[in-house]
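Take a look at this single chain in structure tokens; it is the form predicted alone.
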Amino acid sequence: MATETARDPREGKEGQGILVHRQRTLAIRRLRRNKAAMVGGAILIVLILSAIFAPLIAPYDPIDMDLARALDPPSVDHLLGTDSFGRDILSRILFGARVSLFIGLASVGWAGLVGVPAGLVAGYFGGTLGTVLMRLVDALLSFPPILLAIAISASMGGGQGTLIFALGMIYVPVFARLVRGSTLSLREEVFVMAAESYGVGTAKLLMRHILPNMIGVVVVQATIGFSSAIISEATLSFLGLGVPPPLPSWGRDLNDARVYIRETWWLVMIPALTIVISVLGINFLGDGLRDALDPKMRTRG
């Protein structure tokens, strides 16, 4: 009578590790083949490096005024010209990248820290707790996003901290609803029910079995929220509810330049094009990440 050989439990872990490594390799290959994503990644890298090394790259202090050189056109001394206060536009663009990227990353991070756990809890447990959480989310979604951010900023005053909190509150409901929907779908999967039958704890089940299988969706939403946060920050700064002057901000520079749009059109075009290129680059990268991390796309690859 044939006897079965005992299987080493490490074999299953090693096989799972090989599978995860193979999936990561395929995702990286798909991302590299996506030219638009590579262009978007290059734009984002340039933005990050410009923000980090702005003190070394910028030819002038972004808040130093020289009224004698006000509204100068692009020249050798000022490559992108000067604004109405004689401040160097190139320096303000470089330092403005610091403000936009920091606020965008911080607001999306804050939204994810609140929205992802709320969506996990509401989707997995359901019941009264899930209903209460989702009704709070629906209440936030009932406000137009930019009006909600304006109301929070106006009531709490300006500053980067207020701006991060206001923009984060816009994207908390988006993350919560997205994660809840994914959790409702994943909790019916065979591997989740098998883990439950083996007595896996709830926290471990959520963090090691459910959350990793929706991380691609969360990452894509984070990139979309990141680009939207940059636009929202520029909008609030344009309206005077963003970072306080004289700190450089792309949106505030747009507001200052609109008065002179007929005489000095480059004052408006330069910060506007910077915002457009930045948002397009981040969106290109987000689309590439979506295609690379989508399990269906990986299967076809």
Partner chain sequence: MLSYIARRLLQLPLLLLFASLIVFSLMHLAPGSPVPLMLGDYSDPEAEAALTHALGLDRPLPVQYLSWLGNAMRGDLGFSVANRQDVLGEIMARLPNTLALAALAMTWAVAIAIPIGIISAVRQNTWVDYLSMGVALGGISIPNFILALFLILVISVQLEWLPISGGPSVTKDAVGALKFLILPALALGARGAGVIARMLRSCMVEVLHQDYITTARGKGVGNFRIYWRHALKNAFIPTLTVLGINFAYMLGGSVVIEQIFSLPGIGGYLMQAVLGRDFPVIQGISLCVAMVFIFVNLTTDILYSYVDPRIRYD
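All values reported here derive from a predicted model rather than from experimental measurement. Positions refer to the first chain, counted from 1.
Below: the form predicted together with its partner chain, not depicted.
**Student:** Answer yes or no: in the predicted complex, does its partner chain come within 4.5 Å of a heavy atom in every one of V114, F125 and G127?
**Tutor:** No: no residue has a heavy atom within 4.5 Å of the partner.
**Student:** Contact between D77 and its partner chain in the predicted complex at 4.5 Å, heavy atoms?
**Tutor:** D77: no contact with its partner chain in the predicted complex.
**Student:** Is there any non-hydrogen atom of I52 lying within 4.5 Å of its partner chain in the predicted complex?
**Tutor:** I52: no, not in contact with its partner chain in the predicted complex.
**Student:** Tell me, yes or no, whether V279 is in contact with its partner chain in the predicted complex, where a contact means a heavy atom of each within 4.5 Å.
**Tutor:** Heavy-atom contact with its partner chain at 4.5 Å: present for V279.
**Student:** Taking heavy atoms and a 4.5 Å cut-off, does A222 contact its partner chain in the predicted complex?
**Tutor:** Residue-level check for A222: no, no contact with its partner chain.
**Student:** In the predicted complex, which of the listed residues (A154, V121, A195, A106) lies with a heavy atom within 4.5 Å of its partner chain?
**Tutor:** Comparing distances to its partner chain in the predicted complex, the residue within 4.5 Å is A154.
**Student:** Only one of L273, A68, I45, I28 comes within 4.5 Å of its partner chain in the predicted complex by heavy atoms, so just point that one out.
**Tutor:** Spelling it out, the residue with a heavy atom inside the cut-off is L273.
**Student:** Heavy atoms within 4.5 Å of its partner chain in the predicted complex: which of the stretches 91-99, 106-114, 138-146, 205-213 has them?
**Tutor:** Going by heavy atoms within 4.5 Å, the stretch is 138-146.
**Student:** Can you name the residues of 251-283 that have a non-hydrogen atom within 4.5 angstroms of its partner chain in the predicted complex?
**Tutor:** Residues within 4.5 Å: L254, R258, I261, R262, W265, V268, M269, A272, L273, I275, V276, V279, L280, N283.
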